[in-house]
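First, one chain by itself: the form predicted alone, in structure tokens.
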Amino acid sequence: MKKVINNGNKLKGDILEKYPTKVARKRSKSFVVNDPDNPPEIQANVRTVPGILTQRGCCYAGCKGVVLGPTRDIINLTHGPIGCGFYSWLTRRNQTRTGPEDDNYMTYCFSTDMQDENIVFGGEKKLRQAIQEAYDLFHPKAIAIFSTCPVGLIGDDVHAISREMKEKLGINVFGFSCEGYKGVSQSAGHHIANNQIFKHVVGQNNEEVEGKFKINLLGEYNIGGDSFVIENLLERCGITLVSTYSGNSTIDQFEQSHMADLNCIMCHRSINYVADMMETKFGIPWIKVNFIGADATAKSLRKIAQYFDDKKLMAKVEKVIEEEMVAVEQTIKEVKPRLEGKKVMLFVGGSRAHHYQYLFSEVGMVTVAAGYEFAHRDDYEGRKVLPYIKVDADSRNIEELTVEPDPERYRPRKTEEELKQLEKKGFTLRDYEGMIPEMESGSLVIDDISQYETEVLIEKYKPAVFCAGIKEKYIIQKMGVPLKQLHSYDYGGPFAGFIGAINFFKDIDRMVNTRVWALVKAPWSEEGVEDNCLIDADYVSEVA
């Protein structure tokens, strides 16, 4: 049964009235109260108001940190000051597994370490030297070059240097114009990364991949070992995973990914471009899946099996689901009495603020407010709004590739008749309904939430747990509210699949029901500052 969250409109009004009129007018469009009977239109992917503390990351972070970071055998070389390279090194807990002869450069930090004189006189010479040095030391299959803000400002041509070194070294060297200031958030970096991977890597190897049911998994980054869990489930079902973009991935897998028969998208925002381009060029359809949550995992496995329309595959999938659900149901039975009815707030990137609502709902927890760091309108309202999204100057700043069917390799994986049969059975391709339709009536949906808005919401709602990233973690915990990082999982995880759901339920149960939060007193409160920020952690009394 759907729940109704009360006082959403009043709370929104109270928060916005503290802003200057112009700021309040702008924030109002990105701050909506959900009404299932009349779904709201939300403003997203617009620049953060100057002076407001935002959760967002930069374009470089999205390109290097999110999309290319989890690929183990490409040397990711940051052209810029050492701070950018160092901060983007191993911060997301992306994991990988290598064989005895495989290369793994994820544990290294590569940077040109630009100095003042490079900013004044140019850094191209230093970039050439860095590429040569990396090649001489490691002899990698590929080197990727990432531009930071100073590189864009002084005009170093990373693409020309990449072409020059590619010809000289005989390996794949390619660059990304992903300066941090490009776009309004890390979303621009995802788009730039996917474009370059598609242009320079996908389709480079036409060797056939063995397997009857071959898929790619897009938008899964193996944080805390999530990909390992999904890989295991797919293997037990008899499904061949050709490549993952980009958790636990290699450049060889990217090169052969056009040999798959279906693309499955986890994080829609970070990678829907690749799915669209692969369908246009090679004829591979795509579906939206979600492996966060036990029920969601079961639905996704069944959807993949339905696409291939094979009875043996469907039987295997059902057997795996049945085996896994025993432990899941036992854990839910154990923790649900301690978690049911407690309030959750989620403000994280990609599709995570959407996906994790499934997990919380499985133990009866209620999401009262949620939003994304770098979403576009379709991530909230579904792909049906794509034709109505206005293209602004920031969007035009990102290259749009024009893709056409490959004259030799385009091969529709399903006939028109087969597609019609699937549609008759309720199967949907190329669709994502977004986060808003599945949220409670009266819940708050907030794009690019500010620190001020976060603090007021916590004060008013007193959530049992708040999900965000490292930048918010310690401030919120000092307010007496446990914060679960969903960008790196702190030191927990994996949270994907059935075993991931069990891990998550136990983790949240420990966080929410420990009594330590009742002992927290914010430092600003102890130093004589007005005590209006400290929260009465009423959820603690519920379990005392």
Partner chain sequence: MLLRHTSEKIQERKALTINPAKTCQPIGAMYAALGIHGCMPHSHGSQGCCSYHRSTLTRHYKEPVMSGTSSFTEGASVFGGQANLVQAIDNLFTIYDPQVIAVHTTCLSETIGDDIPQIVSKAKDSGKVPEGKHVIHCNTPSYVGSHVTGYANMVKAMVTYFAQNSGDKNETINLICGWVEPSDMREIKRLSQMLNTQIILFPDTSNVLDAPQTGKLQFYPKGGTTVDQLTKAGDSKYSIGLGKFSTEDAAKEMDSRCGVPFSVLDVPIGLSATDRFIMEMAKVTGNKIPDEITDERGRLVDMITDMQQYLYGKRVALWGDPDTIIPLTEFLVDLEMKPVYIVSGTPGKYFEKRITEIAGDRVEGLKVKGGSCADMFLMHQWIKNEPVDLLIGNTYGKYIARDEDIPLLRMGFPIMDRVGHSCFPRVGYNGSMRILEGILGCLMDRLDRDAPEESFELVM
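Keep in mind the model is a prediction, meaning the values are calculated, not measured. Numbering follows the first chain given and starts at 1.
This next part talks about the form predicted in complex with the partner chain, which is not shown.
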With the partner removed from view, which of 209-217, 381-389, 405-413, 150-158 is the stretch that lies within 4.5 Å of the partner chain in the predicted complex, judged by heavy atom distances? 150-158
Check all three, I287, E322 and G349, heavy atom within 4.5 Å of the partner chain in the predicted complex: no
Of the residues F282, F110, F360, F176, which one places a heavy atom within 4.5 Å of the partner chain in the predicted complex? F110
Of the residues V512, V32, A44, A61, which one places a heavy atom within 4.5 Å of the partner chain in the predicted complex? A61
Counting only non-hydrogen atoms and a 4.5 angstroms cut-off, does F121 reach the partner chain in the predicted complex? no
In the predicted complex, M479 touching the partner chain (heavy atom, 4.5 Å): yes
For I82, is any heavy atom within 4.5 Å of the partner chain in the predicted complex, or not? yes
Answer for W89 alone: is it within 4.5 Å of the partner chain in the predicted complex, judged on heavy atom distances? yes
Check each residue of 132-158 against the partner chain in the predicted complex and list those with a heavy atom within 4.5 Å, in sequence order. E133, A134, D136, L137, F138, C149, P150, L153, I154
